[in-house]
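Read on for two forms of one protein chain; each stands alone as structure tokens, with the labels structure 1 and structure 2.
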Structure 1
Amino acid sequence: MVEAMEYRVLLKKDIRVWVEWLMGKGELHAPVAKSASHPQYQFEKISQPDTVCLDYATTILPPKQCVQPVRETLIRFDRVANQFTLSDQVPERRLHIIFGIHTCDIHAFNFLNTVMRDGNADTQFLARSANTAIIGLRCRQHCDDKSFCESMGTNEPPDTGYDILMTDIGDRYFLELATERAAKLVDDLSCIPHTGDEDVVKWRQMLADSKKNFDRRLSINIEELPAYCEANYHSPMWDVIGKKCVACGSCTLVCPTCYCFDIRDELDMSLQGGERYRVWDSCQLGEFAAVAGGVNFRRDRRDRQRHRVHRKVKYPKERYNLFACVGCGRCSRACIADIQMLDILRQLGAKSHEFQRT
């Protein structure tokens, strides 16, 4: 574990005071409850401090939309002057604060930042990412039966990628301040004092206790997943999944590490100019891999699902030595056809010897 720069504590009853104060520092996004019947949550821009809900199972959509909006203008064009202008390379925007995100989502942000820096850097994304403060929350148990963060090593925080990390230690939150920016996010607020020895003891005990709450749900060697994918390339398991999948695209849209987008043009009403924008896309949709001449190189849902899994646990592992699956379980929760990531990975591990490529 990397040592934090500084420790603080915050009584739970004072969380409202801090949230309200943070709202003055930047645009605050935090989990709020969305449904009365089942516990479902969403990251939203906070306007009422009381709506923030820190005791939450993971959100429907990941917090990536705070950094990459659903729709973003890339260029403005003028058909009469035959010119175009790039939209701002470094968007000027207020500091964004993502409050209360789970450690799996911090890992996911780190992955996105790695990818966006690679090759032709996505400067817009990176500028917004740098302008986003992360206040994370250590989890004390699995969100539900769909998550397998412990197996992917994401129930523990990464070494970097957050400013502050909170731990629920009973009547108060224990805060680990990890960056220069973190100090500005607590300032000298009287409700966030320095820790006493008792708090530190309690915090360490809580960390040790929490560990026991996470069971290993994926009993395979995850380092072998790229090889398992290779060995199961022709496995009939993909046919079964392809028959169930209805290609709604939800699994990728709710994934905290998916980043594919489509580019479209929109004319102004004058017809003289317009904008080219990007919008979230999904490899599960029929048109995603359609190219000129009516060719589609992933026409079958089976192939698209296999591609998705390979994009999570095979290709990024080979290229960046990182998994793009953080075990948050969102795809499994969102799937109306009950396709479960945990099942898929288990099958890959179990069947790896049966379907050797010939």
Structure 2
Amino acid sequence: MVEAMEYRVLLKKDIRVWVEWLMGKGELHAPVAKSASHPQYQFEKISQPDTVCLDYATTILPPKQCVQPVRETLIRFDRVANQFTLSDQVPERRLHIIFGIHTCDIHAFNFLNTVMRDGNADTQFLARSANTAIIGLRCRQHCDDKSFCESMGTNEPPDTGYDILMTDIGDRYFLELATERAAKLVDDLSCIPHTGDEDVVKWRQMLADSKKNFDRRLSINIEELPAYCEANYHSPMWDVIGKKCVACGSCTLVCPTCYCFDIRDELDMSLQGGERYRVWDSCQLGEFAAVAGGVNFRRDRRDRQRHRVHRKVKYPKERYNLFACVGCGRCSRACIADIQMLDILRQLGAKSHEFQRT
């Protein structure tokens, strides 16, 4: 837990006042309900305070889209004028605010920031991230049977990576201010006073009660996952999973820590101008690992599924000492073939134990 600079409280009836005030401070993104018949939520730019919904399980797409656009123009070119123009290398100066983000997604942002600094740094992403204020929201229980955040240690907030953390303590939210910027997001609002002793007691009790709602769903030691992946590299389990996979790429496109992209050129109708842009890509698509000469390093779906799992729990752990799976369950919800990450990780542990016994 971050050593908070100070604590504040906000009555739930005043949440609209705060949202309106934040809209004046910057471009506000928050979860909104997308369907009345079936609960689905999405992070969107807020123009009406009443559309914000904090009582949500999870969102369809992760909030990374707020700092990592699905499509981003890199260069515009004009053949008539014989010139090209680089896109703005310094993102918008106006502060971006992501409001109501769950702790698992805060962990995901921290992972992305680590990766984007490594090697050839992604300056666009890092500039946006630095200009983004994070207002997190603690979960009081698992989102559903697809999530396993407690097993990955992401149901608790990381030590860094957010400005304010909210906890539902009944008729109000308890706010932990963790950065200097946080004060600027609540100051001058009479509806967000400093906490009293009674609020602190409620907050601590709520944290203790919430822990009881998270039942560990993985019976394996997650620190052993890289070794399990290594031991099961040639396991028949990948054939079974590969046969189920339809190679749609949905699992990676909804993942909060995937960051692969493709570079494409697009001409306008006159063929005299156009743009070069980058767009989200997926390692689960058949052409992702194709190179010149007709070679494809991961032609088979079994190989692509194995690669996806290794990219979540093996390679990043070995390189950064971080898991790229935060247990949010989005990939499992999005998979039309019902491939469940939780089941895969359980199989890896079970088969590794079988291997050790034999």
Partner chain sequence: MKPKVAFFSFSSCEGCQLQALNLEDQLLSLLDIIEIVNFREAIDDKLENYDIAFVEGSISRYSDIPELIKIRNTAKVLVAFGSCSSQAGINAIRNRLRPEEANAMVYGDRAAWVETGHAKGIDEFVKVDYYLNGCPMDRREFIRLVKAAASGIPFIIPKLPVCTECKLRGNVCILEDRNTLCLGAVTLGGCNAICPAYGHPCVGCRGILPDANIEGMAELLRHHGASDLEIEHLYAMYNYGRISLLTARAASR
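Residue positions are counted from 1 along structure 1's sequence. We call the rigid core the largest set of C-alpha positions that still match within 1.5 Å between the two forms. None of the values given here were measured: they were computed from a predicted structure.
Looking at the condition given, the form predicted alone, one finds it describes the source of structure 2 alone. Residue displacement note: Val279 has its CA displaced by under 2 Å between structures 1 and 2 (rigid core superposed).
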